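Take a look at this single chain in structure tokens; it is the form predicted alone.
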Amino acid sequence: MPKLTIDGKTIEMPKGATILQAAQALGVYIPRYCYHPSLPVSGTCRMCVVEVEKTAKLQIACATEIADGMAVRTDTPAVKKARRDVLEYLLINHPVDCPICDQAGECFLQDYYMDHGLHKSRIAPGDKIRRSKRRAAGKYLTLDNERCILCTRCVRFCDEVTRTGELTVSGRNDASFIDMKEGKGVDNDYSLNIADICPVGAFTSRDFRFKARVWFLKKTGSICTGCAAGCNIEVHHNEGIVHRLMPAPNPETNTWLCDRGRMTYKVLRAGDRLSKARIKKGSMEPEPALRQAAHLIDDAAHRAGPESVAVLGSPYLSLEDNLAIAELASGSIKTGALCLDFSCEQGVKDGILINKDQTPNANGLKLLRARYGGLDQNALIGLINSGRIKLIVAEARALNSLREKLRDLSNIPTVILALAKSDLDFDSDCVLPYASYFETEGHFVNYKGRIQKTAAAVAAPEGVQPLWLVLSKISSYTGAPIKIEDTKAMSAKLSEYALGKSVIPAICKPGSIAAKSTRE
């Protein structure tokens, strides 16, 4: 392998590697605008110039391949002057709107000016070229051409990643600007990644604009529960409010994050988020409602026997919550009408990230079904349609997925577990709220079989608890407790019944993500 030195440090790198990649491996940071590790190299910004021994001109580190014996300097006077000149050129027409720019705090222009610039502009503010501002560039994006430095990251993303090609560079010379082809917006399923990779705030998220200053945001590592991909994410939050989700690149799961996944946090602030239980007579505090749920279960089991109570697991719920559902059915109610069967077609459907399986934990249910058994879907549907089921205990979305195959449920009492009113497309005798996976921990198994863990970034509404704890309390009120009173007891049961001790070390823990943000 070629061996080279960078700023006096020696390293061996595979043939074909670039100076920039070698520098990153050594921990030597070279500033860049157009370069992104997940996009084709363009070499347009010239910010990453370095001095290579025995070479007449400065070279761009992002596109120059290494050679054996190469000696590179990243901090010579010529390099520093070149960076200052590039910055001055980029700032000639850049608006001085940092106080109102959403990129403030994450802007490469700000950072590099402090590190490499600190020069006084030779252009009066009134002489700057004005360009269009606040252009709607799709459902989730706003484009401010005045801020753009033509790094072309956005164009390359649409051309090479999504292959939708909505963006182009129009005009020539200093009149060039990023434009939308034929006036169409950027409406691909990954559009918000463009706001992530834009280094200067030309593209910003319409969802996040003016919601919070980034330096106030706290970051919690977690996973996306939008589909079976199991993307690693960062939850950005402050004072108990989640403001945005960002991808946390992991070679095992994802580089990017789809727009649908980014919007999963909306359930926390939706107007129909459930913070109170609901019964036929109206709303009720969660704790008394647990007694009502236990009463419905006892009443059905007493009148028609335990087998008349159907309990349905859910591919939308964590291993912990589904384990508690299975324990409630087999250990507390002692019904054989337990269904953990939600097999889905899995695999990447768009060649990028989005999975055919739009549930996050169908594979997790397979682990539990191997332990608890139970009915398949068709058998459960047959029991319900035959009239032998007198009560259904289920998570709302799981039951909704079976509705087309079920007859009218209006005559069957139900105990429904739900996050939001929008999850309910029928009346229920008892609806119990539970904490979302931004508010509690939970394990999920993605389509590759990788076991990962969500993290509690913010607190749940007062009185709202993790679903497994809700079910544990219901079991206590029925007189047959499943004895899962705390996280320690749940972890022990999860290890014993679902994961197995040999699998525990493979779990991706929140905050363990080593890769940098997609902004770099």
Partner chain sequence: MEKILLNVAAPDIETYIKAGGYRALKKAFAMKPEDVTAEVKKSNLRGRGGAGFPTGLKWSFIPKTNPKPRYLVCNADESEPGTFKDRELLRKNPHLLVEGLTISSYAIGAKQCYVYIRGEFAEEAELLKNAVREAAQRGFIGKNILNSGFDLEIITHRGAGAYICGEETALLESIEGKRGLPRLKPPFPAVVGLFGCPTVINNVETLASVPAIIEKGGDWYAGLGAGKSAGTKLFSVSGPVKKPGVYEIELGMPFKKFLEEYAGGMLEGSVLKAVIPGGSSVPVLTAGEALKMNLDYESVQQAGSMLGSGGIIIIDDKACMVETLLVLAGFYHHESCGQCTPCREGGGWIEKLLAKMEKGEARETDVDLVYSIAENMLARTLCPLGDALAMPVMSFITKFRPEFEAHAKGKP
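Positions refer to the first chain, counted from 1. Worth saying up front: this structure is predicted, and the values here are computed from it rather than measured.
There is another form of the same protein, the form predicted together with the partner chain; it is not shown, and what comes next is about it.
Partner contacts here mean any heavy atom within 4.5 Å of the partner chain in the model of the complex, and among 421-429, 124-132, 399-407, 327-335 they occur only in 124-132. The partner chain is not shown here, but in the model of the complex it comes within 4.5 Å of a heavy atom of residue 41. Contact between residue 174 and the partner chain in the model of the complex is found at the 4.5 Å heavy atom cutoff. In the model of the complex, the partner chain lies within 4.5 Å of some heavy atom of residue 88. By the criterion of a heavy atom within 4.5 Å, residue 26 is excluded from the residues contacting the partner chain in the model of the complex. Each of 57, 63 and 82 comes within 4.5 Å of the partner chain in the model of the complex, counting any heavy atom.
For the options 412, 169, 304, 344, the residue carrying a heavy atom within 4.5 angstroms of the partner chain in the model of the complex is 169. A single residue from the set 451, 494, 45, 30 has any heavy atom within 4.5 angstroms of the partner chain in the model of the complex; that residue is 45. Residues from 9-23 do not approach the partner chain in the model of the complex: none has a non-hydrogen atom within 4.5 Å of it.
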